[in-house]
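Quick setup: the structure tokens below cover two forms of a single protein chain, split into structure 1 and structure 2.
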Structure 1
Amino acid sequence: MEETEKKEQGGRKTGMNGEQCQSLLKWLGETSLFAGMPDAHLQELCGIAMVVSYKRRALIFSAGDPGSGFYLVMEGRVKVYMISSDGKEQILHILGPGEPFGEAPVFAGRSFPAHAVALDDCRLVFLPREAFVELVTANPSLALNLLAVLSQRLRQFAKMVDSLSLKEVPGRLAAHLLYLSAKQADKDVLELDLSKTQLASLLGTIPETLSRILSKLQRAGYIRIAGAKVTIVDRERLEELAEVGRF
């Protein structure tokens, strides 16, 4: 195994032999961002891509850092967040395998607007800006995929602003539980994929408040809580709550 290792930003960049490049190529092609791209272009992409590893809790970038490219999650989860001057954090996204992050500075602004850390031990693909922009220029369908991703994210943000400004915490929580429910197999038994502290930060509140509201919802018979497992008892009312935003 010929591996070149370089320390940089706390991540370990890993060089590739032909075989590894092949598997990376295959993986990239399955990614929603690059789905449907001709192999020739994927090949080029592989040429500029770097696989980087980050350990759990490692900082990937900070707000204000110059963004010389963006990332794609291969393994693990990444948290993108903002911090207030007194240390409170607001999570903007949690990203899992296949999802890109840090794209904004590639096309506008040149620096990251937020921070990113690894929530688990992670493997990421790093795509340097210049090479990537060239590729986009040469390949309009790639641009369309990207536009779709950014548009989707814009929608999420709009929802988030709506939620933060127009709903109380119980409403946001209800909406989040239903969101989890919608994307899981067992529709009624949810496994919280984040610690409650992190969930609080995602919902724009603090652990104490989240804790209180979870028990309030349990007492009211909307849900049942058992550690990180939440069971939806009364979906109707939960939907109503997510809708009106107030308990």
Structure 2
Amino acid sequence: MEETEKKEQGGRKTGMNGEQCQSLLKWLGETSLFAGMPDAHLQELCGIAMVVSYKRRALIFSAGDPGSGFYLVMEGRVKVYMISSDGKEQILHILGPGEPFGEAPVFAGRSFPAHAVALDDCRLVFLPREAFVELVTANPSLALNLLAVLSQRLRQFAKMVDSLSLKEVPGRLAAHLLYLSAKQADKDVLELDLSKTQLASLLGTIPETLSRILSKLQRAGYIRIAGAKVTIVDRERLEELAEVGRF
């Protein structure tokens, strides 16, 4: 696991002037969580939001910390992960701009169930729990948006459990490549922005096994690899591998 900095050294709140508040309002309105909300509601969100900066590898929160609020990524990437009893890391999500995280405990008032660390220098929007719950209580449409995002996250978890428990590593990798393609408007040329160690952790394997399978997929004509770029050569066969789970 990559070394992380202590939380006390990682987060730094940023004050905002009027122009920055307007910029934040526009940005919030473009996220999946708050898309379509009236400006009046977005103004209320801006009134409780805090912009927080974290350096690369800074720990944002740990499993067991009080769920005092949740975050949206403005800039950079965030890794959400768990540590098993034997010290093995399992990555749950890699999150980029516009994506929320830490939202599950908001309404239950519980602690964070996983760890979160900045993969890059990050700017995050933090929404404190108590103030956010008050807004949701007054604005049911906000609750519906949050429910939709949580439902999507639950489906992702279900797919992850299915892949890790039922599919072999080749199937997990194929499914991940197709997921990346779907996120990039079904493009065939994909940019792998994770290290092999991080991608292996996300897929529940080790870097050596991941390297062997990538090479095998390339030799068999499924994909072509050039540095951090992966080109899907035979999408139909890759989809079949993702479904079956093994060569």
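Just so it is clear, the model here is predicted, and its values are computed rather than measured. Here, residue number means position along structure 1's sequence, counting from 1. By rigid core we mean the largest C-alpha set that fits within 1.5 Å across both forms.
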Problem - Correct structure when looking for the form predicted alone - result: 2
Handout entry: Is_shifted L24 between structures 1 and 2 (CA, 2 Å cut-off, rigid core)
Key = no
Practice task
Could you check how much the CA of D186 shifts between structures 1 and 2 after a rigid core fit, in angstrom?
Solution key: 7.8
Fill in the blank from the handout: Between-form comparison on the rigid core puts the Cα shift of E236 between structures 1 and 2, in Å, at 2.7
